[in-house]
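The chain below stands alone and is given as C-alpha cells, in the form predicted on its own.
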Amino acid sequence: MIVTPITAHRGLSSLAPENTLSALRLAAEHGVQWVEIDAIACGDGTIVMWHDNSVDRCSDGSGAMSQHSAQSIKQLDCGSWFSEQYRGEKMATIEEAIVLIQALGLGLNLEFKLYDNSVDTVVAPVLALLKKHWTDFDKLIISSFDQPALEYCHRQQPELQLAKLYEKIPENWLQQMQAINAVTCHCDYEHLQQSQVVELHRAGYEVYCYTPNTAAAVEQHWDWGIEGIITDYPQKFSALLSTSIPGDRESGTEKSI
C-alpha cells in the first residue's frame, strides 16, 4: 500500500514537464516520497514513460505512439512546450525511469496504459524490468484502468500490490477488485462519494483520489477518510509530504490521470 498521503502525479508535473526524468528528480528534491508515472508502448515495442497515445501534446513532434520507435523518440524535444528551461528534455524509456526512481529512493505508482496494445506488448516487458531493477516491492503499486493489464499482473506476479483505477466507480467494483486481489482503489475525486469510501474501507481497500490540486478540492474527502491524493502540486501540501499516516490534513485543478 502507499504509505504517504501525497503522490506526485507524473512526477512533479506542475514545475517540470510531466513524465520526464526532470519531473522525477524535482519531486525528490521537494521531499515527495511517492511518484506516479505512466507506461505505454511505441510501435517497435519500446516502453516509455508517457501518458498520451501520441507525441503531439508534450513534444515538438507529431504522430501516434505506434508511429514512433526507440530511435525516433530520442529526436523529440519533450521540454520546450513546458518552458525554455527544459528545452531538449528527452522522452525516457520506462527502464530509465524505474532505475532513476529506485536510485532516488522513491515509492512508485506505475500506471499501465494499453491503448490498442496487448498485455504481452506492454505489461510483460515492464514486469521483467521490475524484476531486474526494483528491490523494494513494498514501495511499488501497479495501477490501471485496463482490467486485463491488472489481471495479467496478478497471474504472473501475485505478490504485486495492485490498484484499480476508476473515473466513476461502477456497480461491479468489488468483483473487479477481488479478481486482482487489489489493495487500493484510485478514483477521480470529482466523482467519488462518501458512501463509496465507506464501502471500500469496509471491504478492506484504501482509497486514493486523483487529481486535486487545491486544498478546497478535497477538504471533505479527507473528512471521509481517504488515505491520500495524487496531485500535480505536491508542493502545496508541504505539511503532508513527510507524513507516513494521514492525520491532520490541510490540503492542495484537476485533470485525468
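All of these numbers come straight from a predicted model, not from anything done at the bench. Quick note: we count residues from 1 along the sequence shown, nothing fancier.
This protein has a second form, the form predicted in complex with ligand G3P, left out of what is shown; the following refers to that one.
For the chain shown here without its partner, which stretch in 59-67, 195-203, 30-38, 217-225 has non-hydrogen atoms within 4.5 angstroms of ligand G3P in the model of the complex?
-> After filtering at 4.5 Å, what remains is 30-38.
If you check in the model of the complex, is Leu165 within 4.5 Å of ligand G3P, heavy atoms only?
-> Looking in the model of the complex, residue contacts with ligand G3P include Leu165, since a heavy atom lies within 4.5 Å.
Proximity of Glu111 to ligand G3P in the model of the complex, heavy atoms at 4.5 Å | Yes, Glu111 is a contact residue.
Is the gap between Phe145 and ligand G3P in the model of the complex 4.5 Å or less for some heavy atom pair?
-> Output for Phe145 is yes: heavy atoms within 4.5 Å of ligand G3P.
For Ile230, is any heavy atom within 4.5 Å of ligand G3P in the model of the complex, or not?
-> Result yes; Ile230 sits at the interface with ligand G3P in the model of the complex.
What residues in 208-223 sit within 4.5 Å of ligand G3P in the model of the complex, counting heavy atoms only?
-> Going through 208-223 in order - heavy atoms within 4.5 Å of ligand G3P in the model of the complex - there is one hit, Tyr210.
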